[in-house]
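Shown here is one chain on its own, the form predicted on its own, set out as structure tokens.
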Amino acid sequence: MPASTAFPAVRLALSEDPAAPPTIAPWIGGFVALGARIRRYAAVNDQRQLIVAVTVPRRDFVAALVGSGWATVSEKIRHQTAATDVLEIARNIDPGTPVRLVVGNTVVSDIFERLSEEATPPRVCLSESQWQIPAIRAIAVLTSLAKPARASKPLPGGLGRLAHLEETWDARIAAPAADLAIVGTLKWLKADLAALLSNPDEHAAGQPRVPGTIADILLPDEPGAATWSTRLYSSARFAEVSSLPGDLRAVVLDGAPAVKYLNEIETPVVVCVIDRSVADETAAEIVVQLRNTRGEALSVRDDLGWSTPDGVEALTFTVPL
């Protein structure tokens, strides 16, 4: 089923230094749009594995931006901001269950001990803290928790506001999708995720607001993270990964050292980022060989509804899962 060919331009700006003017370029919003288009396509075409390969002048930020676009198109999230909803959910949580709470500007992951309704107002008692029900903006049950953690709540930033994520932000932070992984050089990926992503139209309208980082949208799974959505894997050590989690729906392979694992990935969606500044055609050859032997070609424009930014080439096809 072809996705819509409508493709509204997404204007975004990047900045690695908060004190410096941000870079405004069509490719920034373009790669975010690609991630969003892929997720929408995958939602209605999950019988075969979708592979999208993009070749770029430099790999910088591309995997992170595609992942950000994917993350903005989540499954429908139920509002959990009403205290009555939180109280009802808390009444049905068994003691010893790991949970995640959003309280004001704080995210808390901990073990649920009990609901104290004899107190006024009622409060949720965790292993390391207690929180009054009216102060809890969202609560979610977790399948597991390595250890309790507390951190500042990420910001929706310019991209989150552009994608209209603000009204469900607390529920999203409490229970993010956790269905995306990026494989690449971790040092480079973490530098990319630290960049600020802003909406230049907000500044043009005289409404400058806090931009937020790419990490605020991708929510990387890092030690001590109170909430997370995106798993990061080192391409140098990816061979040691015995199997990928079953809840993953997409993997972004960032650069040739990651793309060489393309044939081993079984998630419904794989995005390959091929850096043309590196004199190594191995990654491109792997992609083309897979398409020629097992693939059914798709149109980037007609099926994904995506227009390549200047200097970018794209190839997409499907293979049997």
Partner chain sequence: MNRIDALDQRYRASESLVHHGVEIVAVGDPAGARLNQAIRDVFYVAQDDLHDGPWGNVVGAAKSLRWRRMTHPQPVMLNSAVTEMAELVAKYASLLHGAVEDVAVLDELVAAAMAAAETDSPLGSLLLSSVEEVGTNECVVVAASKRAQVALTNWLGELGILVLTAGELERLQPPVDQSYLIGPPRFFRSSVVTAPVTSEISFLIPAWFGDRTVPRSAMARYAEGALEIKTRVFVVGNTSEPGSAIAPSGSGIEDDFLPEPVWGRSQAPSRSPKSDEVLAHRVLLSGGWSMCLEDDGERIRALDPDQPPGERIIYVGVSTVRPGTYLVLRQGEGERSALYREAYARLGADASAVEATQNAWKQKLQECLFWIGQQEVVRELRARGVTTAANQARAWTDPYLVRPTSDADFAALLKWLEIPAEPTAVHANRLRRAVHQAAAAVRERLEAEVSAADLSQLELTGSLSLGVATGGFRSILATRVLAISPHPEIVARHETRVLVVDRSAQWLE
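Please read these numbers as outputs of a predicted model, since none were measured by experiment. Numbering follows the first chain given and starts at 1.
Not pictured, yet referred to below: the form predicted in complex with its partner chain.
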{"item": "Contact at Thr185, Pro257 and Glu285 by its partner chain in the model of the complex, all three, heavy atom at most 4.5 Å", "value": "yes"}
{"item": "Listed range touching its partner chain, judged in the model of the complex by heavy atoms within 4.5 Å, from 155-163, 173-181, 228-236, 126-134", "value": "228-236"}
{"item": "Val10, heavy atom within 4.5 angstroms of its partner chain in the model of the complex", "value": "no"}
{"item": "Any non-hydrogen atom of Ser242 within 4.5 angstroms of its partner chain in the model of the complex", "value": "yes"}
{"item": "Non-hydrogen atom contact Asp216 with its partner chain in the model of the complex at 4.5 angstroms", "value": "no"}
{"item": "Trp70 within 4.5 Å of its partner chain in the model of the complex, heavy atoms", "value": "no"}
{"item": "Partner contacts in the model of the complex for 9-23 (non-hydrogen atom within 4.5 angstroms of its partner chain)", "value": "Leu14, Ser15, Glu16, Thr23"}
